[in-house]
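Given as structure tokens, the chain that follows is alone and in the form predicted on its own.
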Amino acid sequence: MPTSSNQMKRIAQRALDIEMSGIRKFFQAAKPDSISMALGQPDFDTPDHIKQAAIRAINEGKTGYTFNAGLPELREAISKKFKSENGIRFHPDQVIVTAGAGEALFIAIQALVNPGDRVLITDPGFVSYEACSTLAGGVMDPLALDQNLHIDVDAAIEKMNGARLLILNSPCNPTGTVESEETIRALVEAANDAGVTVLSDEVYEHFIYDAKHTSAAKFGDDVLTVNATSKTYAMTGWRIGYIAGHPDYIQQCLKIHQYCQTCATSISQYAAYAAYTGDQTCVSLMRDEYKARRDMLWSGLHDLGFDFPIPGGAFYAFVPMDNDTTQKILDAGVIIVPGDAFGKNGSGYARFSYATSRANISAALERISTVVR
């Protein structure tokens, strides 16, 4: 039913100021026989020991509310993970378990950003950052990338004064870029010196192929770290993420969390506990497979004449191509996302997700070859 002008007048401006995700738009418009390379959706099944933990939780009746911040044992496991894997210390009370990384980003930005505050976000960057900032009344201030899709550190530092928040994402969605330790350190130290809080989205930390991950919180106290089980353990639908940081920030984030979510799903939290305390072989197996898929896609696209840096992490390739080529690929039945869905500077690119099988990547390359040669 069409929306009347009277109905539109009753809609809050904050909702009118944002758009539906461009990623979902292209996925939902796909032909029935299309090969999807649009979503960051692992095609692996959730490991069995994690599923079994959820089944046990159901059978044992662990289906009620948990503490607002999450199960104590899960927050303890996450605290230990930060220490052993990231070299940073967060007490369990400095961790909130959320409904995916998406909620963690939302509550952090709601807690920190006032109307009119500048939020420094890479352009191109993940679609949620600008939308969440807009909903909080903030104003996106885009950070430029260099020709290899890395953050231009000097240009970013020039924008620090007077900004409220810097959002980092390494490995990056949509570019697959992994920022160096030197870059992360320089940005965090400059931000903290300027009174800018850093929000570090590290959901792809385990999928890095030719470098290593660096957590932003190693270099400053004014950093909030966001992560999730979604990508690491192929648990996107379980909706478990978390945020960790200074107690003053976490206390405010918790207030927003409890009014929009109360607590993350109890069953999923027990599954996440099994994920963090169980055998980690599944993670390395998935990483090795993603690397093989990355190499296959990168080589295949290069053979077809596309020139771009090999992605260092995550499971995305951000490929230079004009709108006409992007449309031809879509018409050929390969779903990719035009780069401008990730910001104005993404125009002239398209994002390919290789979180799909090698068979699908091979078939996609074959279809692409019929329209670009």
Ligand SMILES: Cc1ncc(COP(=O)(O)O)c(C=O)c1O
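Residue indices: 1-based, along the sequence shown. No experiment lies behind these values; they were computed from the predicted model shown.
The same protein has a further form, the form predicted together with the ligand, not shown here; the description that follows concerns it.
Exercise. Between the options 290, 249, 126, 106, which residue brings a heavy atom to within 4.5 Å of the ligand in the predicted bound form?
Worked result: Contact with the ligand in the predicted bound form is made by 126 alone.
Problem set entry | Among the candidates 230, 215, 177, 110, the residue which, in the predicted bound form, approaches the ligand to within 4.5 Å (heavy atoms) | Flagged contact: 230.
Exercise. Of these, 266-274, 179-187, 95-103, 75-83, which stretch puts a heavy atom within 4.5 angstroms of the ligand in the predicted bound form?
Worked result: Comparing against the ligand in the predicted bound form, the contact stretch is 95-103.
For this session: Indicate whether residue 197 is a 4.5 Å heavy atom neighbour of the ligand in the predicted bound form.
Result: Taking the distances in the predicted bound form, the answer for residue 197 is no, it never comes within 4.5 Å of the ligand.
Exercise. Is there a heavy atom of residue 239 lying 4.5 Å or less from a heavy atom of the ligand in the predicted bound form?
Worked result: Contact with the ligand, yes.
Exercise. How about residue 173: is it within 4.5 Å of the ligand in the predicted bound form, going by heavy atoms?
Worked result: Yes, residue 173 is a contact residue.
For this session: Give a yes/no on whether residue 203 approaches the ligand to within 4.5 Å in the predicted bound form, heavy atoms considered.
Result: Yes, residue 203 sits close enough to the ligand in the predicted bound form that at least one of its heavy atoms falls within 4.5 Å.
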